[in-house]
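We begin with a single chain expressed as structure tokens, specifically the form predicted alone.
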Amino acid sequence: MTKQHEQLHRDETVLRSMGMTELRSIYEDMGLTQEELAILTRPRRIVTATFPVTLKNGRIRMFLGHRVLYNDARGPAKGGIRFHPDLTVEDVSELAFLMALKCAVVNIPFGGSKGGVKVNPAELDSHELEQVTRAYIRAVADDIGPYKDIPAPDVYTDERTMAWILDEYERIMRRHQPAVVTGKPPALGGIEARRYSTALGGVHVLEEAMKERGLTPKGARAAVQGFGNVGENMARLLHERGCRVVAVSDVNGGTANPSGLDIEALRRHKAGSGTVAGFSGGKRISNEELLAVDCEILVPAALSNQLHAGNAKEVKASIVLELANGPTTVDADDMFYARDIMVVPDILANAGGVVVSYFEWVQNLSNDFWPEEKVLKRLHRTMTTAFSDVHARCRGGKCRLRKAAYELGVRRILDAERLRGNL
């Protein structure tokens, strides 16, 4: 297994641990009944299957796959499919519940699910990965569907994987069903904006947070840790809105310029060299140094557990926007709260991707196509409303946006269960 695989597995472990720790505390504060706890702590359906795949060398290998539907009281379940060598059903179940909460926080009519295959994709070629994907879908086909459970890309899966899933599912059902999966290539019913929707959703939430702090984008200084798809698009979008992006970084290090980085030149540098490190328009810094630069906005958009008790006191930003999953430890969160640093939690900040996935699903169901401006307008409205809903729980008193978001998600799920007569 590669170091990247190992790091991703550690990141997800931290994310789940933090999320469940926060939820246990919230359950106590909310005074939930035993019946409510039973609904929240048990998935509705777990599917585990083993299936054979013939590899290029002619040998047959058995693979293990899971699909967990955690809760669907608010609508069909929604959640990604990941390929990972350390995948467990416990991992999948906890991530499925966090997905249910995320959909509830942004108030889209989805429940939560997750799935995947225990496989190291680096060990297989494209043809073998396609065969694994198709075999997995044959194994879970009865448990997914446009009105039941809708997959999407996740760790080590992408648009191409979703195209294989769509094709295999339609072969099984013997009819076109584009709404069975989202994150597809645009030529198969996907949405172009889906490729940058996580970053754009984060920008919309950030702009609302800045209003609460008396800040405006023009001239505000921002630092972005991570320059993958999400981080690069975030830096670009902030720059376009007049922010001064003073530092960015990736796995190889970072670059900083107090006067502001030339983002387009930096993107060209990365395209040519594969990293932002060594960019001539800034001073070389480490990932750790980026977290402590002078700025108003800090955007961790890379790995989890980056902000912790050992470095939280060095953070100078007024707002921390969590585009990564679980970038802030519980101890750091406490320190930020004591220092009145606003932390916009991942469950809200990075929900733009699932929101646009919802739009894709709606269009596919009606065999419709929305112009991009309609997608972007509805994304803006959904994300700003979600921030308002979360922040409203804090008005009249100091509170954590993370706690407010979790409580809101839990309440919306329980309200749906109650209306259905399950409580």
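Heads up: residue numbers just count along the shown sequence, starting at 1. Only a predicted model underlies this, so the values are computations on that prediction, with no experimental measurement involved.
What follows is about the form predicted together with glutamic acid (GLU), which we do not show.
Here the chain stands alone, but in the predicted complex its contact with glutamic acid (GLU), taken as any heavy atom within 4.5 Å, falls in 348-356 among 348-356, 168-176, 213-221, 312-320. Under a 4.5 angstroms non-hydrogen atom cutoff, glutamic acid (GLU) in the predicted complex has residue 182 among its neighbouring residues. Remark: residue 269 does not count among the residues lining glutamic acid (GLU) in the predicted complex, judged by a heavy atom distance of 4.5 Å or less. Looking at residue 194, you'd find a heavy atom of it within 4.5 angstroms of glutamic acid (GLU) in the predicted complex. Though the partner is left out of this view, residue 325 does reach within 4.5 Å of glutamic acid (GLU) in the predicted complex, counting heavy atoms only.
None of 76, 121, 189, 80 but one reaches within 4.5 angstroms of glutamic acid (GLU) in the predicted complex through a heavy atom, and that residue is 80. Exactly one listed residue, out of 117, 99, 307, 344, brings a non-hydrogen atom to within 4.5 Å of glutamic acid (GLU) in the predicted complex: 99.
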